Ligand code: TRP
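Below you will find one chain, with nothing else, as structure tokens; this is the form predicted on its own, and questions on how it binds or moves follow later.
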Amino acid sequence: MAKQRVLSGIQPTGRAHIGNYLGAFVNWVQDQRVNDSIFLIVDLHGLTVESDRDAMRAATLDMAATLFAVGIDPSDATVVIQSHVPGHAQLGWVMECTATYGELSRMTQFKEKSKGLSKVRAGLFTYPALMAADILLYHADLVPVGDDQTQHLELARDLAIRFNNAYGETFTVPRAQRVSHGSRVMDLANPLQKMSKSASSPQGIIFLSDSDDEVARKIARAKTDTFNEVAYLPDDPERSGITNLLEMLGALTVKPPEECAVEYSGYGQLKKALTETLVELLAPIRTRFELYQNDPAELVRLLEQGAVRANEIASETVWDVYDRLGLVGVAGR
């Protein structure tokens, strides 16, 4: 049976954290062994808001090092920087010309991200079309999505079907892949808010590069409540802090949070167990990350390897699309 192609992407917007690991990376590592996996570092999407040249470059390379450090194997999967494949921008324009203004204006993420901004870049409005191109460019069968990306995947499906109906079967219509293991990690300081590089303070985030002492300090200061009773009550907002810690420990140990709850009599014991589990997980990841950081030539080599394979797939798709649209090709195509 042929492997299905799975495509995932992440923006290089800062240091990766435990929410990225539990919500995405752990699934990517498992998935690469059973599917044809392509992992995109979507730097072009990062241009939809103000960005610093040096920070963008450093963050992109750090994200690549992180993916390899957490266990993405370049012999099993393709890791590629989005801008290294011209087909993303080429097909992105085609998707902008396939989507309608009404469809793009209904995207809830645009409304959320543009709220309060004095200047809104056009790319922020049209980036769902580029995201559709990211997916369709590689004929992805499956796309892992969370609730915040479901609307964008539906747009990609609609655009693929619309193009196929107008010009003949061209694109694979992607399907959503629901992750089998993962967790939505909340901010340690504000457990009613999702842990996020852009929305959280550093004290509320466990970064994959944090030292053992930093991990211990952040967990010790994590918000709980005054009950001091370890109980898993996810529907009680007053217990959101302890719920977050139990869900994090459960995801790390592959146990139901209810089972974790009965193992500890106090918050101190729970925080100690979570700290020890995190330290054990992060130590080898941090070591591998530093190795890649100290060997930029090897990191670039692996990214170039990914770019070669990605471009082979993408260029065929672009020329097929151009031909169907009646755009004049070049000799040999």
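In this text, residue numbers run from 1 along the sequence as written. Only a predicted model underlies this, so the values are computations on that prediction, with no experimental measurement involved.
The same protein also has a form predicted together with the named molecule, omitted here; what follows describes it.
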| Only one of L299, V70, A307, V42 has a non-hydrogen atom within 4.5 angstroms of the named molecule in the predicted bound form; which is it? | V42
| said: Can you work out which of M107, L252, V143, V185 has a heavy atom no more than 4.5 Å from the named molecule in the predicted bound form? | reply: V143
| request: Would you mind picking out the stretch of 71-79, 115-123, 96-104, 135-143 that comes within 4.5 angstroms of the named molecule in the predicted bound form, counting non-hydrogen atoms? | output: 135-143
| task | May I ask you to state whether S196 is within 4.5 Å of the named molecule in the predicted bound form, using heavy atom distances? | result | no
| For T317, is any heavy atom within 4.5 Å of the named molecule in the predicted bound form, or not? | no
| Though only this chain appears here, would F171 touch the named molecule in the predicted bound form if you measure heavy atom gaps against 4.5 Å? | no
| task | May I ask you to check whether Q149 falls inside a 4.5 Å heavy atom distance of the named molecule in the predicted bound form? | result | yes
| request: Scan 241-273 and write down, in order along the chain, each residue with a heavy atom lying within 4.5 Å of the named molecule in the predicted bound form. | output: none
